[in-house]
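In the form predicted on its own, a lone chain appears below as structure tokens.
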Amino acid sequence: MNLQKNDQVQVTITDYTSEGAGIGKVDGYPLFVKDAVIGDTVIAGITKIKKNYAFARLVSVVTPSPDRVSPRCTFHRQCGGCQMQAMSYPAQLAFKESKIRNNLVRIGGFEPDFIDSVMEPIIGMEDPFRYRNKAQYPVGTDREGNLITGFYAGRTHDIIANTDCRLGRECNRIILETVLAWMRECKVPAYDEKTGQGLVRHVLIREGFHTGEIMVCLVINGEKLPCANLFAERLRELPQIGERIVSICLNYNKENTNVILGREGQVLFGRGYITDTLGGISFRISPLSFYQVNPVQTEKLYGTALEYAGLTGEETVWDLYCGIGTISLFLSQKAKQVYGVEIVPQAIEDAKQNAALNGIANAQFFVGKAEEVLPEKYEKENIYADVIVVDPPRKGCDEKCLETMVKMAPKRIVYVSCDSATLARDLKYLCENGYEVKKVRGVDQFCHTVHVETVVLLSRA
């Protein structure tokens, strides 16, 4: 196929990449077309050519797919945060289910018929918008020098001015507009990544879904904020929202880095955290706390994990990569004893505080790598496991961790995964070493994106 960059071709979309781009073929040559939907016939403009495939942008839709819908956000194609907003929600769920299934078959080596027999229907949302309880907005200036906040355009650090993301909470827009108005009033400059000058880098907003409590945190390139009292005052005066803002704080980040939050800060008003509940358990959430961004689906995700764990009140459970203890504390309600392991010391401090906050005495937490703590506790202290729950980062489990899990020989392993490709790889190892997959279920935690959570139950064969 003799294609050149900037050529335009007509193509019918028949599949998706794992990143949600449409796949079509021109004379057998694959094109990956961003923003196209399966069933579309489109005009695609070639942007990059490789030996065996090419990337293209959507120029126009000739014949729309039955699954194509009008996106609610006018910026969805530029932003890159919602790769699938032009696709109907039922079609998104079908894509995610298919993604899990294909990875288990292709990478895990499982038979398609077997996977079909153990897969349960994906859990979607009734309303897949406004679900994010946390938003981090970069602050900058446009070409005319006006203060703006919004989101980075896909694969860039160019800010698209947008104060109302459809995945975020309604209060975000009013808070962001108030922050920008205060910055203009007090002549507070935005941070400039290129020069390292300026003050305000990001606005972090967190909202407790059950408590309604709101946190507003400014990430600044320094340790002092001019007009700080006025800033807090403007937020607290907001109708309907101000009385719910229980935490106004600063976070210091003076590094030349893509990392949003620094390690230290100060409270300007209220306290340094908000509270929220998941499954009847209360959690304290500070600016640095890891906490699932979609609490509605998190309850369903952890509820599924708890159901798969099959606890009767007599089990000892290990929760690996436990974060601030969300799954551990869920499990503690039905287990005899829970041990949580996490490499981040602050997360373990949060986990201990959350256990104390809820009067939970049967959960104990350890700082360290799961692949180091688990063998030590098992081999030196003879602490065993009836059930192991594992919720690793995107890269999956460390091989030494998997080896120790197999040695400990728990009756059941519940694997919670945010990447079904590394999940499939790890399941292959576990099933080659004495376990069998009993149940698989997807949970749509990140609607309108290509990401999907998966929960798997394994039993010792």
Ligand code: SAH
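Note that residue numbering follows the sequence shown and begins at 1. In this text, all values refer to a predicted model and were calculated from it rather than measured experimentally.
The same protein has a further form, the form predicted in complex with ligand SAH, not shown here; the description that follows concerns it.
| Region of this chain that lies against ligand SAH in the predicted bound form, out of 97-105, 242-250, 133-141, 326-334 [heavy atom, 4.5 Å] | After filtering at 4.5 Å, what remains is 326-334.
| query | According to a 4.5 angstroms non-hydrogen atom cut-off, is F209 in contact with ligand SAH in the predicted bound form? | reply | F209 lies outside the contact set for ligand SAH.
| message | Would you classify P66 as touching ligand SAH in the predicted bound form, given a 4.5 Å non-hydrogen atom cut-off? | response | The answer is no: P66 has no heavy atom within 4.5 Å of ligand SAH.
| said: Given that ligand SAH is not shown alongside this chain, does R169 nevertheless sit within 4.5 Å of it in the predicted bound form, heavy atom to heavy atom? | reply: Contact check for R169: no, nothing within 4.5 Å of ligand SAH in the predicted bound form.
| Does Y308 reach ligand SAH in the predicted bound form, with heavy atoms at most 4.5 Å apart? | Although ligand SAH is absent here, Y308 would stay clear of it in the predicted bound form, with no heavy atoms inside 4.5 Å.
| query | What is the one choice in W182, Y152, F290, F269 with a heavy atom within 4.5 Å of ligand SAH in the predicted bound form? | reply | Going through each option in turn, the one that passes is F290.
| request: Please pick, from I388, I214, A370, A351, the one residue with any non-hydrogen atom lying within 4.5 angstroms of ligand SAH in the predicted bound form. | output: After the contact test, the surviving option is A370.
| query | Heavy atom within 4.5 Å of ligand SAH in the predicted bound form: which residues of 377-407 qualify? | reply | Contacting residues: D391, P392, P393.
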